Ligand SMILES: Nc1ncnc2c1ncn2[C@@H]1O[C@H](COP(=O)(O)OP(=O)(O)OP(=O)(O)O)[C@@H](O)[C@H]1O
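Presented below, as structure tokens, is a lone chain in the form predicted alone.
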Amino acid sequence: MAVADLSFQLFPGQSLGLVGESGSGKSLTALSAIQLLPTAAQASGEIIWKGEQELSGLDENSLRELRARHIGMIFQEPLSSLNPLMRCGEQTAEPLRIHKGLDKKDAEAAAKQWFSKVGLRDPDRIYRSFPHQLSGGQRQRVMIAMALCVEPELLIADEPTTALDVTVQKGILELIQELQKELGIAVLFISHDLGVIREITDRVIVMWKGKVMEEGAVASVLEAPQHPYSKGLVACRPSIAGSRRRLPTVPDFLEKTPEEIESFLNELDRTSASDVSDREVGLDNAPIYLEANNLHIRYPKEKNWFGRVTTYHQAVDDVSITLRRGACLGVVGESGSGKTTLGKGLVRLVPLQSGEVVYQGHAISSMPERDFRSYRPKIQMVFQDPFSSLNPKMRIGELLSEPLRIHAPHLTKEERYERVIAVLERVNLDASVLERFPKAFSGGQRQRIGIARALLFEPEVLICDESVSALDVSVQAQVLNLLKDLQEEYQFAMLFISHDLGVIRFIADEILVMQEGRVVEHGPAEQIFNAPQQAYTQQLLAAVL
């Protein structure tokens, strides 16, 4: 039973939060509200709109009009929700023309105005861009603009700020709150980020395995949760205070008595600041696995009538990094600051304009592709968007065994199966997923599959691009603990890209702060969080909810 006996009311100007682990039924609840459930789903109960209209009995044309004009939906994965063949501006202007009656010129101006409202700095460029030409955070903001531009009466937001950096996230939440006050919009807000839920919602429902565990005012539920499951969700969230060397998980709270939980949490706290200092000294003397020197990466921005590029967007501007054995370098910055491009440049997924990438003494950025193939198994990347990085036509078993057939041909079929099962278990999945396609999983489950694929070869360099952004707090805690355990066991170097400063605080030894393609601050994690030197870094920390 995906969702069992769930009831709630939502009035104009109110906001209701749904929280719970991946697969708890949050997204299905939202989809059922606008009658977008999969055809195989069996549903019962009533969904009443404005106290009189029962939505399950409406024909498709009436539902389409209701969704387009009165109910806005922000989906979890923007790349799979946006039309890849249409420019972002056209997709945003279309509902303005159809449902608000604007002409082409006015719709374009209104779309660009909404792009500015959601924090997109170059609305002209965004309007002309296709979805694949934008970063994950920029695509998410386009989705938010599309949902809000017709000024709906009900906004359903399914993880709308997952891919956003803290400053833009704060601006989006303020925008939604302003529209609530101005237009009386009701908001159904789904998120695994309890800080966001606390900021935006009046009431919250905690869901687990399709059932309601706890419900009430957001302050009372999140500040003083009563159910052990709710207590676990609150405790799992990493803090920028960085007080714990490991994160608790929900099962810890379900399996222990209150006295055992208190003792357990005390054990997770860091023993002393000297331990952190000793680790920093040890990592400073560790061998270098990968280094990048003076990287410059740019993308075409404008073309003339002859199709020649006239101007470029400098995505990475003179960036140098060093990844040492057993160390984690965290990269933070606003969406579009060049974080993802930097990670892709290290594994040759985007060409370098200039600069050099060296892996254990080998200049991998300049060698032919056929020579670089032998290095790929040891330099792995976990991508930001789990749906777009998994082949939708392949079952999970095929997706995970294919790299082993290519890069480890000496393994038998049974040995490949054993390795696949082993990595799935490390990310809290099992053999039952092997025969299913990516579309059958939630966003968080797909992200865990992507992490499992990267761990197949026990890499020496692991690049994680927002690899836990789609995970609920409990699974996020499990994966972060797992990455720490794996790094301690195998001593791989890690580049960890994230907009979540709490996550970065927990996992990173060093931090690189990027803005508009350049490094604005770099140093040990303790120094960056306790005594940031640059105004931009201070601004990021001040925006944390």
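Note that this is a predicted model, so its numbers are computed, not measured. Residue numbers here begin at 1 and follow the sequence given.
The form predicted together with this ligand is left out here; the points below concern that form.
Proximity to this ligand in the predicted complex, defined as a heavy atom within 4.5 Å, singles out one entry of F372, F264, Y299, Y417, which is Y299. A heavy atom within 4.5 Å of this ligand in the predicted complex is found for exactly one of Q91, S135, T201, Q180: S135.
Residues within 4.5 angstroms of this ligand in the predicted complex, judged by any non-hydrogen atom, belong to 331 to 339 and to none of the other stretches in 317 to 325, 95 to 103, 331 to 339, 226 to 234.
Within 4.5 Å of some heavy atom of this ligand in the predicted complex lies at least one heavy atom of H313. Using a 4.5 angstroms limit between non-hydrogen atoms, E466 touches this ligand in the predicted complex. In the predicted complex, R125 approaches this ligand with a heavy atom inside 4.5 Å.
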